[in-house]
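Have a look below at one chain only, the form predicted on its own, in structure tokens format.
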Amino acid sequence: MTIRKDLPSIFDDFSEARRNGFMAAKNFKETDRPMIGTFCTFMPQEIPLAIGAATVSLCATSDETIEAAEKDLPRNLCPLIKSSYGFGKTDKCPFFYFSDLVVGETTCDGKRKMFEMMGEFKPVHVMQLPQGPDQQHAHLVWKDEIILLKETIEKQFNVTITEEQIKETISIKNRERKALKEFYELGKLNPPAISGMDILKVLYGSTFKFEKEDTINELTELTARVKEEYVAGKKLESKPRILVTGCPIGGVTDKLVKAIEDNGGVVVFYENCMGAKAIEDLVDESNEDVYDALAEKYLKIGCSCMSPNKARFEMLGRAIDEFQVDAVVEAVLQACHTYAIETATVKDFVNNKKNKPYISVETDYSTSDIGQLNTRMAAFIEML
């Protein structure tokens, strides 16, 4: 007989997905299937999935290996880049260790140059991302980059990837996106059904689960379970509703979410890479040209590397309205120049276009600023 876990246990299962990653990755590799490490949501997972490979995020989220990385990289570099490189160099990341190929993308100059150095000790393929999404040639360039990725994987693993296989994986990834979207749209419930930390556990943890069908089923069942208990009266206390935007959230940077929720707020929406940014739009399955369809979908991601970055503000505007957001908190990693510069535009949009309070916080992967984060979030939320 299957024992039905309570909701906190289910959320902890997702939270543990990364920590239990070594054995999961080892077990996956023992099935003789490839593992492809990725650094960004711009990488079209449909291509490696077409050969039965697992894709796993390699963006490290702690300062454990930054000291080792700084032997090669500048100290004043973004902590995400240093941490990612450090975990690869020291082999302390099981996902990096088991990855047969690493796929990078040129979302910033720091990562671009870091990938060159990483290529000295690991097979690395870099996708050259165009950063003017409204220009016609950008679509053609990204389509060519996706085809080049397909050819690189074919050569690396001595396989042939057909368009029919890609159509199948497009369907699978779209179903996964729909399941994730239905889950994070629980944040629309008012009063809240679950905490922002529980939402983050699931969004972050799902990226470390390798069997897509299992993940889709788990997400669908979890969403239905939360709705069922909500209807039965299991609800959280009404609190100021916060939207979190900016740099990727996860690992040590959970400290920001904890500071918000420990001081009287509740996070109802994540616009970050780990949240809705890469999930909201589906690949057009009616488009017979699979590479054209993939290029169109992935260039819609509203990353701050894009100029102009219309997609980000369209999503922020919709989310503020649909999730009944009271205020916006932006997370900026130290030395992440594109997000740091864009904070001025985001603040103007939130304050003057949506008439909502806004605050930005600069942080890194250390725990030294937890006290300061608590003080700032307490004052900000008290104002609300």
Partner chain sequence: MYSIGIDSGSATTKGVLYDGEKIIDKVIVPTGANPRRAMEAIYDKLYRENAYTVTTGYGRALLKVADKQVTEITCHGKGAAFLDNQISAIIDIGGQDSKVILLDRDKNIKDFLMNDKCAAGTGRFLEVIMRLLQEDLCDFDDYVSGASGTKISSMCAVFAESEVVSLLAQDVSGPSVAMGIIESISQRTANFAKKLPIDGKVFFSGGLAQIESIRKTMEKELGLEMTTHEDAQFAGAIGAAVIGYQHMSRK
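Positions refer to the first chain, counted from 1. Values in this document were obtained by computation on a predicted structure and should not be read as measured data.
Not on display, but discussed next: the form predicted together with the partner chain.
Partner proximity in the predicted bound form, defined as non-hydrogen atoms within 4.5 angstroms of the partner chain, places exactly one of 49-57, 354-362, 64-72, 31-39 at the interface: 354-362. Though the partner is left out of this view, Gln334 does reach within 4.5 Å of the partner chain in the predicted bound form, counting heavy atoms only.
Interface membership of Lys26, defined by any non-hydrogen atom within 4.5 Å of the partner chain in the predicted bound form, is ruled out. The partner chain is not shown here, but in the predicted bound form it comes within 4.5 Å of a heavy atom of Ala378.
Though the partner is left out of this view, Arg318 does not reach within 4.5 Å of the partner chain in the predicted bound form, counting heavy atoms only.
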